[in-house]
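This document starts with two versions of one protein chain, written out as structure tokens and named structure 1 and structure 2.
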Structure 1
Amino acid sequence: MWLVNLCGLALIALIVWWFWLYRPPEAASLEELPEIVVDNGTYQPARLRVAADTPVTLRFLRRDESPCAETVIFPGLDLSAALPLGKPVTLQLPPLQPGEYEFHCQMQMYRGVLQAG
């Protein structure tokens, strides 16, 4: 039984590490991946590096039929955009101060981060 308990506790530790403690590696740059694809409950790429202090153009392509995916919100920038299914949408962001800017769907289940630097 102790082995089962140990496995259970290890599983909990894994959950904590995987979702909360893990630090992602370097984000993809906007030049490498110019389009953010919304599909299967995720933004791909979910971490994107952009230049600070210059206007940024992001291109979203929604492939996910779920209505959850239909709006992307940048709460820190007071910006949002409707994402029609299968049609690329270009979003102009103002020049960003260096730092991290989250973007997500209305319910925050789809999540991504812009790293301005």
Structure 2
Amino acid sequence: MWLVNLCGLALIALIVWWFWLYRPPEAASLEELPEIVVDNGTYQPARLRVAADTPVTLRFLRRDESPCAETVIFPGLDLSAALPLGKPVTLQLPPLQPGEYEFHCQMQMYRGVLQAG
């Protein structure tokens, strides 16, 4: 019985880490048009650094068949885009003020951050 409880606690800890505590280790700098790959429950890269006060162009490629991966949302910019499976989607962002802008899927399971500065 204690083994079942231990496994349950480990699973709960993994879920908490994955959905609330995990942060990508480093921001990728956008010098050229990057391809953000949506696969295995993540955006890769999930942390991007861009210049402030300049328009930004992002390209997403969805490889994950999960329905959650169908949409990317930038709530701070009031912007979203549909991501068809296997087809690149280019998204134009307006000039950004310095700061961090989160992006995620509609259920907030896939998450990323855009750093303008």
Partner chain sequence: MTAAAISARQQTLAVEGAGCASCVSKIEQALAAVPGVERAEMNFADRTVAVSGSAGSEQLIAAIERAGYNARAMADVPDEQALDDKTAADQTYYRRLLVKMAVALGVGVPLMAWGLLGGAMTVTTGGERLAWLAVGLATLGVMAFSGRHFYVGAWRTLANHTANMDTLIALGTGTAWLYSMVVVCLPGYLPEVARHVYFEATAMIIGLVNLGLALELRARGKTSEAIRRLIGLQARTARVLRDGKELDIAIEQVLRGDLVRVRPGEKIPVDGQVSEGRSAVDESMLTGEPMPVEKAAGDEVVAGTLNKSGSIVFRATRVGRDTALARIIAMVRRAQNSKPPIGRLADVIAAYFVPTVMIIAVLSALAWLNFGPQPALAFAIVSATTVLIIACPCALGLATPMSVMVGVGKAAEAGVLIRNGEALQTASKLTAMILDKTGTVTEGAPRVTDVIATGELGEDEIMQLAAGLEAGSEHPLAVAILESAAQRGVSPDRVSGFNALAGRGVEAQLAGRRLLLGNDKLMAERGIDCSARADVARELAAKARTPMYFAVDGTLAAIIAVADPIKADSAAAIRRLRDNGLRVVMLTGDNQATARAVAGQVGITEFYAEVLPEDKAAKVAELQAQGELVGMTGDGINDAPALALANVGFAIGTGTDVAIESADITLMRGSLHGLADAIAVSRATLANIRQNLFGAFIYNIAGIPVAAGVLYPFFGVLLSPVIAGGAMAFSSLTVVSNANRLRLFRPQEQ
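Values in this document were obtained by computation on a predicted structure and should not be read as measured data. Take the two forms, find the largest set of C-alpha atoms that superpose within 1.5 Å, and that set is the rigid core. Sequence positions of structure 1, starting at 1, serve as the residue numbers.
Number assigned to the form predicted together with its partner chain in this pair: Of the two, structure 1 is the form predicted together with its partner chain.
With both forms fitted on the core, give yes or no for whether the Cα of residue 107 moves by 2 angstroms or more between structures 1 and 2. It does not, since the residue 107 C-alpha is displaced less than 2 Å between structures 1 and 2 after the core fit.
Having superposed the rigid core, state how many Å the Cα of residue 10 shifts between structures 1 and 2. That residue's C-alpha is offset by 11.9 Å.
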